[in-house]
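Listed next as structure tokens is one chain, alone, in the form predicted on its own.
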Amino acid sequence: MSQLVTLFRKDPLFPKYLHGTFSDKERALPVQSLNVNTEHEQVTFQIVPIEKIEKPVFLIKWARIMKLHNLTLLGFTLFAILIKNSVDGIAFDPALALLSAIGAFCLHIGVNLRNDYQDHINGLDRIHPQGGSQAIQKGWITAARVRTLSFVFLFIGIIFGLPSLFVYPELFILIGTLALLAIVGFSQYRMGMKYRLWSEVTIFLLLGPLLSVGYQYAIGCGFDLEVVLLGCTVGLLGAYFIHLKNFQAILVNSQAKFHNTISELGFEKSKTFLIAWWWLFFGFLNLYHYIYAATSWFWIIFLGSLGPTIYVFKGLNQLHSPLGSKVDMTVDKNKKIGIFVLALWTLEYLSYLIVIELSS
């Protein structure tokens, strides 16, 4: 038999229940959170024996915990840079390419874990059932362990990135910038980077040009304007996905006073903001292909992204309220449109890879 326990933030046991460290044999599942993000926060926990918690199979569980699906943009960027250099006949160091890629993936997983931890502690994922991986809230893993794993993956990522840093000291500038952004993102205990105004600029830089230029240097290929534009385009798409997530939770965020650009703009203005951001991505995507891609692929990408762009515009404009299922449906469709455009872009690079293999 499970039991219910209600605790207030000022209760000395509150942190232990929230972090999952109150017992080695039981988990405290948050079933109701009131007044989140305030000193009067109240949480009702369902105390369940660990062996009674339903979990998916091992691989699925850990894929969800580490949010491996969020590595898509990162993987695309690294893949695109390797193919681009191969097409241009620019030699790169395979060992450094592998080590740097592993380091980048580990750092990204570490950030994902840290965000899940923070979103659980500050209450967002406890009041929004679609937020994060929900692994902590379902009792698959404790918040304390997620926090520990975040530091472990961040440390491993740094270790795998050191060889490139020693070979190419100019990377210290990029690494210093990344470290500064990480300090800003993790400096506040209860609020993560994405709950700050204009945090999309930081996300854009981390997923975009800093990542692409850093990897280009790390594999020994030096500075390249094409890589900068590639990174900017991918970074815009990554930030757009974050905006969609915040737009989906705009009502919850506003009520709980979680601040980000979307919640500050409000429902109507944020629709215009999302449309403008997508148009910006559309412009960068087609500018990149106009300058660097084969003519046939420029037209394929242009026509393939034009239809979805019109759909994004119409879908968002047809929303009249943050309430109801229409917002969830529209956000889900917009995410799929972004993934479709990325898949089309991936096919382009795969075609280049096939050409390279046939010509070798």
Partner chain sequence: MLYCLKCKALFIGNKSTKCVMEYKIYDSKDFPAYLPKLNQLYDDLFSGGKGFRAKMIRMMAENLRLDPKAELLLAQTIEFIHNASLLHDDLVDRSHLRRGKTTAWMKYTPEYAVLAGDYLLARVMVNLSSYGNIRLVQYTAEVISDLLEGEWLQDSLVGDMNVQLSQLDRVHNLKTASLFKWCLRAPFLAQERYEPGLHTVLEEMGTLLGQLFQRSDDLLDFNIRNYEGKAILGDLKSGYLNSFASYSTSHANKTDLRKCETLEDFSRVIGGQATFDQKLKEFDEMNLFLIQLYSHHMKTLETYLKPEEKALLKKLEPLTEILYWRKRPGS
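Since the structure is predicted, the reported quantities are computational estimates derived from the model, not experimental observations. Numbering follows the first chain given and starts at 1.
Although it is not shown, the form predicted together with the partner chain is what the next lines describe.
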Original post:
Is residue 5 close to the partner chain in the predicted complex, meaning a heavy atom pair under 4.5 Å apart or at it?
Top reply: yes
**OP:** Find out whether any non-hydrogen atom of residue 328 is located within 4.5 angstroms of the partner chain in the predicted complex, and reply yes or no.
**Re:** yes
**OP:** Mark residue 32 yes when one of its heavy atoms lies within 4.5 Å of a heavy atom of the partner chain in the predicted complex, and no otherwise.
**Re:** yes
Original post:
Quick one: is residue 323 in contact with the partner chain in the predicted complex, heavy atoms, 4.5 Å cut-off?
Top reply: yes
Subject >> Segment that reaches the partner chain in the predicted complex - one of 161-169, 244-252, 264-272, 93-101, heavy atoms within 4.5 Å >> reply: 244-252
**OP:** Report the residue, out of 69, 40, 314, 52, that has at least one non-hydrogen atom within 4.5 angstroms of the partner chain in the predicted complex.
**Re:** 40
Original post:
Can you pick the one in 228, 149, 127, 83 that has a heavy atom within 4.5 Å of the partner chain in the predicted complex?
Top reply: 127
